[in-house]
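Shown next as structure tokens: one chain only, the form predicted alone.
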Amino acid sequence: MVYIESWDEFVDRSLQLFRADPQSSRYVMKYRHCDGKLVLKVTDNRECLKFKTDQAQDAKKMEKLNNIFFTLMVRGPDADISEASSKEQMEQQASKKGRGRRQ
């Protein structure tokens, strides 16, 4: 089990792994509060992909990956994942509305 250094490479390879065999694939998140580290693991019992981070900014990336995996699990491995990311962007824009000074 080797840790993948690049986030984009981890996402691409984990999506390929899930789409190849969705029935036996697993996605695991583990957070160690004492170390402040988050470890993400995707495996199908033959290949194991891991990503480790201690950066708080990677939490948003992890949330986006969760939404992508939820979409694939519910709609099937051939589902269009662009809808999951576009829905997230719309929610972010909606949450920004109303912030700021009243005039």
Partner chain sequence: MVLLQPDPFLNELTSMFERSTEKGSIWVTLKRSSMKCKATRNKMETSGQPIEYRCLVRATDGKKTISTSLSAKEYQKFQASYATVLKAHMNALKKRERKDRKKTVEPEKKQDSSKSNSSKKRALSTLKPSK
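Predicted model only: the values in this text are computed from it and were never measured. Numbering follows the first chain given and starts at 1.
Keep in mind that the form predicted together with its partner chain is not shown, yet the notes after this line are about it.
Proximity of L38 to its partner chain in the predicted bound form falls within the 4.5 Å heavy atom cutoff. Its partner chain in the predicted bound form is approached by S24, whose closest heavy atom lies within 4.5 angstroms of it. Although the partner is absent here, F10 lies well away from its partner chain in the predicted bound form, with no heavy atom inside 4.5 Å. Contact check for H33: a heavy atom falls within 4.5 Å of its partner chain in the predicted bound form. Within 4.5 angstroms of its partner chain in the predicted bound form, the stretch 35-67 places a non-hydrogen atom from each of G36, K37, L38, T53, D54, Q55, A56, Q57, A59, M62, E63, N66, N67, taken in sequence order.
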